[in-house]
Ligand SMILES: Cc1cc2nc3c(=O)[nH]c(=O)nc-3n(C[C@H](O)[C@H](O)[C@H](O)COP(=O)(O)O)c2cc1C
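Next up: just one chain, as structure tokens, the form predicted alone.
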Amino acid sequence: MKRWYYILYPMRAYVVTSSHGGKIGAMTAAWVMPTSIDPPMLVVAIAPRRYTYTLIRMSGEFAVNVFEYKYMREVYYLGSVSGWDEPKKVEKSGLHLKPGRSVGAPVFEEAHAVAECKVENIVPAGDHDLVVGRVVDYYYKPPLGEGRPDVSRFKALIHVGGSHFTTTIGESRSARSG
């Protein structure tokens, strides 16, 4: 039963960032989902042993960064190296941080979209905690936006499991049309 959750894959891959006291955390997370439209909220499942989790608990803020497939190796690196062991892992990833617009969590310049959040609640759930965040700001670069992403132009980073990733194939159509 160790990898039972792979039946739910593939899942999008994101990078969650936070900071506190001059320390920065960045971790890859596939277990991210919206939980409310009004108020805007999302949840990230994070193991409490993670360095970024500790910074989120201390700061009460985090950001979810959305990357394109071309950043697969960088995103994988951020999820495979612990901030406890490598305090300069963000620098070593080759990605670049900048200040968030509305929270103290930094965000990545290379991200195609960002949701900045304040922690609303943390719920224990087995070996992970559900970090519920209220989205206080979000922004994006084309071809992402308020509507559906144009998958012919935006190649989503999709986690298949372990070190394996894939992307969209560029086809999108409505289930309502024939």
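So that there is no doubt, residue numbering starts at 1 and follows the sequence shown. Every value quoted in this text rests on a predicted model; they were computed, and no experiment measured them.
One more form of this protein exists, namely the form predicted in complex with the named molecule; it is left out here, but the text below deals with it.
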Taking the named molecule in the predicted complex, would F67, L95 and T168 all count as contacting it (heavy atom within 4.5 Å)?
no
The stretch from 133 to 141, 117 to 125, 26 to 34, 58 to 66 that lies within 4.5 Å of the named molecule in the predicted complex, judged by heavy atoms, is 26 to 34
For this session: Examine R50 and determine whether its closest non-hydrogen atom to the named molecule in the predicted complex is within 4.5 angstroms.
Result: yes
*asked:* How about M41 - does it come within 4.5 Å of the named molecule in the predicted complex, if we only consider non-hydrogen atoms?
replied: no
Heavy atoms within 4.5 Å of the named molecule in the predicted complex: does I46 have any?
yes
With the partner left out here, check for me: in the predicted complex, does some heavy atom of L78 sit within 4.5 Å of the named molecule? yes
Those residues of 80 to 103 with a non-hydrogen atom no more than 4.5 Å from the named molecule in the predicted complex are S80, V81, S82, G83, W84, K89
